[in-house]
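Listed next as structure tokens is one chain, alone, in the form predicted on its own.
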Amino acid sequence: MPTKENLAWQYYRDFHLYAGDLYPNQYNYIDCLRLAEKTFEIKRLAAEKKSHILVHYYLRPEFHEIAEKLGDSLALSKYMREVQAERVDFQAVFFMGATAKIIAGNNTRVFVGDSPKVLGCSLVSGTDHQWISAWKRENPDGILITYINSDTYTKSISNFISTSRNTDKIIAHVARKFPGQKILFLPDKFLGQVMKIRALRLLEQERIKIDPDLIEIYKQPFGGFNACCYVHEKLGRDSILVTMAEHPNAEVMIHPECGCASFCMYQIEQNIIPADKAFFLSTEQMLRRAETSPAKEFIVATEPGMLYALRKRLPNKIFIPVSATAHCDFMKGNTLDKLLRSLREDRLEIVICKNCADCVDPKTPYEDDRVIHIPKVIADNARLGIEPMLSI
């Protein structure tokens, strides 16, 4: 391993080279030296605690550098299950750590850097549980498909859990298995609109016809949010069109949560955007597409933290953010100082509790400055929807 001074210079070079436009004026040499010192301490403590540090793409560059595994929420959860770790420090938003804990059960201790409020998500805070309960009463045979970017309670009352990679396949699977039954997808309306179209196409290829109205997309405003990721909502049709006009030869990689996603799909269908130039991809799929595509220039429509990974992995290709400033404050709520505290003091740990007197309301289970609870009955019910997701 290099010295702290050498690592600081490496950070200074890489952060400016691959992320200077994403985090302007945020990484001088002194900052990088402090980060290098923290990196040494984190690696020492992680080895001592036998902790695996898992990091989401949307975090700051210094997290990319310390990650044992870098990925999207599905890739990180699968990796955690494969390595069967004693301990994981899950660096992402809270619901992702909670999902990982549900998958691992009591075999792995899972720690997060801060509370669910700080490491939250507009999709979680924007979910109206009363509205969902009313929908279920009105549609007693209805099938609830919930995006993995959701709270544990919503997962626990769902029939299926999906990701940005497989939502279309899961909608099609449910339509085949439960013909004529109403389907509700939530909580992301932009992802839902794109995946509904793709699911209907999958069914058409199999010569299966269903009433499109049977597939309902959750669009309920709640909690100050609009049934979508507040960051991806900013990446609307105007921003994508401007960026494409400025870079006419670039391939376009669009996360299906983006506000521009359904608009771009319509533009492709009308041959306004060439079909071989625009791709709807999860973050993990973006990396694979960029690696295998002959294109040299890419427009990236997602949270800009992803670009550091793309640029560093593929330095001979050019990656242009639709917005370099549309950062997720929840993801960026993670810091190396918080990770150090977790490693030093063994907090905050996600715990699956059984018959806990403190967990009165399953929607808001107990938490303090050391632990965050998930009631066992909620975890067990959520797992029923999560496990099929991993194989579809």
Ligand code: 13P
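Predicted, not measured: the structure shown is a model, and the values here were computed from it. The first residue of the shown sequence is 1; numbering continues from there.
In what follows, reference is made to the form predicted together with this ligand, a form of this protein that is not presented.
This ligand in the predicted complex is not approached by R60, whose heavy atoms all lie more than 4.5 angstroms from it. For Y308, no non-hydrogen atom is located within 4.5 Å of this ligand in the predicted complex, even though that partner is not displayed. When this ligand is considered in the predicted complex, Y147 lines it closely, a heavy atom lying within 4.5 Å.
In the predicted complex, this ligand sits within 4.5 Å of a heavy atom belonging to M96. Only one of 206-214, 69-77, 262-270, 245-253 lies within 4.5 Å of this ligand in the predicted complex by heavy atoms, and it is 69-77. For the three residues K101, S158 and V377, a heavy atom within 4.5 Å of this ligand turns up in the predicted complex in no case. Checked against this ligand in the predicted complex, the candidates Q91, T152, T127, S164 yield a single residue with a heavy atom inside 4.5 Å, and that residue is S164. This chain is displayed alone, yet in the predicted complex one of S282, T108, Q193, S239 has a heavy atom within 4.5 Å of this ligand; that residue is S282. Contacts between 319-335 and this ligand, taken as any heavy atom within 4.5 Å in the predicted complex, involve only M331.
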